[in-house]
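Shown here is one chain on its own, the form predicted on its own, set out as C-alpha coordinates.
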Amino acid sequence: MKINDNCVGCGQCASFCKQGAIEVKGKAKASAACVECGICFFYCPVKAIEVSP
(Lines give C-alpha, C1' and ligand atoms only; values in the text may rest on other atoms or scores of the structure.)
Protein backbone atom coordinates (compact mmCIF):
# COMPACT_ATOMS: atom_id res chain seq x y z
CA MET A 1 0.00 0.00 0.00
CA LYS A 2 1.16 3.50 -0.79
CA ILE A 3 -0.29 6.77 0.45
CA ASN A 4 0.26 9.52 -2.10
CA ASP A 5 0.47 13.31 -1.82
CA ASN A 6 -3.32 13.70 -2.09
CA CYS A 7 -3.56 12.78 1.63
CA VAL A 8 -5.09 15.57 3.70
CA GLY A 9 -4.63 13.84 7.07
CA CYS A 10 -8.34 13.38 7.77
CA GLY A 11 -7.80 10.04 9.55
CA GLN A 12 -10.62 8.13 7.85
CA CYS A 13 -8.20 5.40 6.78
CA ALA A 14 -6.84 4.96 10.30
CA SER A 15 -10.30 4.80 11.86
CA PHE A 16 -11.32 1.89 9.61
CA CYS A 17 -8.01 -0.02 9.71
CA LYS A 18 -8.64 -3.29 11.57
CA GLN A 19 -4.89 -3.85 12.01
CA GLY A 20 -4.28 -0.41 13.56
CA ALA A 21 -1.53 -0.08 10.97
CA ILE A 22 -2.05 3.54 9.94
CA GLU A 23 -0.74 6.49 11.90
CA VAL A 24 -1.82 10.02 11.07
CA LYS A 25 0.54 12.83 12.01
CA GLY A 26 -0.11 15.50 9.43
CA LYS A 27 -0.40 12.87 6.70
CA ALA A 28 -1.16 9.18 6.98
CA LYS A 29 1.61 6.58 7.08
CA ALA A 30 1.22 2.81 7.05
CA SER A 31 3.33 0.67 9.36
CA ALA A 32 4.77 -2.79 8.82
CA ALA A 33 1.59 -4.17 10.43
CA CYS A 34 -0.33 -3.36 7.23
CA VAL A 35 -1.62 -6.52 5.55
CA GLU A 36 -2.85 -4.61 2.46
CA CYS A 37 -6.47 -5.67 2.95
CA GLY A 38 -7.66 -2.53 1.11
CA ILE A 39 -10.30 -1.36 3.58
CA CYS A 40 -8.60 2.02 3.92
CA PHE A 41 -8.69 2.45 0.14
CA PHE A 42 -12.49 2.40 0.11
CA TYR A 43 -12.86 4.97 2.89
CA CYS A 44 -10.31 7.54 1.69
CA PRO A 45 -12.34 10.58 0.55
CA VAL A 46 -9.48 11.99 -1.57
CA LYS A 47 -8.30 8.70 -3.13
CA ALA A 48 -4.81 9.05 -1.62
CA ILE A 49 -4.33 5.32 -1.09
CA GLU A 50 -2.96 3.03 -3.75
CA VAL A 51 -3.16 -0.74 -3.26
CA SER A 52 -1.08 -3.04 -5.44
CA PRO A 53 -2.80 -6.13 -6.84
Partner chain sequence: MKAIIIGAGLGGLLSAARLSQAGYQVDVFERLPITGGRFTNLNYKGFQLSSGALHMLPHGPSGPLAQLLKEVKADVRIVRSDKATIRMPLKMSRPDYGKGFKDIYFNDFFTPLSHRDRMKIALLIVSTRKSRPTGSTVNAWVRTQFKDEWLVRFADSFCGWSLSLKSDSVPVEELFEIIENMYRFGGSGIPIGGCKGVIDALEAVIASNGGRIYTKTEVSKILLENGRAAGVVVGDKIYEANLVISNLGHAATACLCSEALSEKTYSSYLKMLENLQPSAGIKICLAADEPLVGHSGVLLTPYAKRVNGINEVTHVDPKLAPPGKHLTISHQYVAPENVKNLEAEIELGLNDLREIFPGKKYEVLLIQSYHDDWPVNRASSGMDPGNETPIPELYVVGDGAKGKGGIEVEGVALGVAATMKKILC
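Positions refer to the first chain, counted from 1. This structure is a prediction, so every number in the text was calculated from the model and none was measured.
If you look for the form predicted in complex with the partner chain, you will not find it shown, but the lines that follow are about it.
Quiz item: Using heavy atoms and a 4.5 Å limit, would one call residue 37 a contact residue for the partner chain in the model of the complex?
Solution: No - in the model of the complex, heavy atoms of residue 37 and the partner chain never come within 4.5 Å of each other.
Quiz item: Does residue 44 make contact with the partner chain in the model of the complex, using a 4.5 Å heavy atom cut-off?
Solution: Although the partner chain is absent here, residue 44 would touch it in the model of the complex, with heavy atoms inside 4.5 Å.
Quiz item: With the cut-off set at 4.5 Å between non-hydrogen atoms, does residue 15 touch the partner chain in the model of the complex?
Solution: Yes - in the model of the complex, heavy atoms of residue 15 and the partner chain come within 4.5 Å of each other.
Practice problem: May I ask you to state whether residue 51 is within 4.5 Å of the partner chain in the model of the complex, using heavy atom distances? | Solution: Answer no; every heavy atom of residue 51 is more than 4.5 Å from the partner chain in the model of the complex.
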